[in-house]
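Encoded as structure tokens, the following chain is the form predicted on its own, with no partner shown.
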């Protein structure tokens, strides 16, 4: 029996990781720690909520005493750390939230893990989940590899870069066993609709404008969230200690090309005349510090652990749209209240 703590497990990526581990490893006791802020939603875990090897814990990684007591009580053998403030736009308007959660919160977890095991780390692991945005922006060619120098361009990216460095420093200074993965843009079911794909599905469904930053020619590598969860599983169980693994979809799209594909699929699924959804596209003022291109090279993960994406982007996007159209109540629930004020401030 292993006690595994997954932080941020009621969020988008975290809920998929929690579900995979609960279903795949019945001999593990999975603890899902989430503060249930705007992006955390217990509906994301409702299908596994009664599983005998699953426990939800409400709490904030910024609370030092709470974290220390939690580790002493449950003696976690492993930590998969996904809890983070993660939206660039929000980091621009309120950077302190990102500094406190992503940097200080990570340090709290590391200290509790170190204090619990007191250098007796056999069979123990701290897995820190990070982002490709720590690397900065690429030109028209090239890919981010695990040794690419860090060059964060937003408060969000800087806070994640800082947390990556802190994790590595604990490995070097205290011999704390860790792995880090840096992923590209995720998409799929249960994503909070401040992100491009669920936001635009929701807006097309409700005949609202599709706000596109700048000229729309920003390029991203897109990763299906279920493939990301499977990569995390592989790295947690088979990754080399103190190594970094990049997780990407081998799948680059400009925002504008992605949006046109999304509009085309939405027209087909909603039985609208071709081109109807694309008429909703509206170009808005570019955001500050907008990185031009991200692209991950996941060759190391493929070569060493045998991971590769299970779906094409067209297939994954179609599955994603189907989920949101079939779960309209979920989408309506998370887009009520304070989210409307945020949306108005950012895009209107």
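Because the structure is predicted, anything quoted here is derived from the model rather than measured. Residue numbers count along the first chain shown, from 1.
Although it is not shown, the form predicted together with a small molecule is what the next lines describe.
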So, residue 108 and the small molecule: in the model of the complex, are they within 4.5 Å at any heavy atom pair?
no
Check residue 54 for me: does it contact the small molecule in the model of the complex (non-hydrogen atoms, 4.5 angstroms)?
no
Indicate whether residue 213 is a 4.5 Å heavy atom neighbour of the small molecule in the model of the complex.
yes
Residue 195: heavy atom within 4.5 Å of the small molecule in the model of the complex?
yes
Please tell me which of 148, 162, 185, 137 lies within 4.5 Å of the small molecule in the model of the complex, judged by heavy atoms.
185
Would you mind picking the one in 77, 233, 89, 227 that has a heavy atom within 4.5 Å of the small molecule in the model of the complex?
89
Whether 199, 222 and 294 jointly form a contact site for the small molecule in the model of the complex is the question; each needs a heavy atom within 4.5 Å.
yes
Within 4.5 angstroms, counting heavy atoms, which one of the listed stretches 271-279, 176-184, 110-118, 238-246 is next to the small molecule in the model of the complex?
176-184
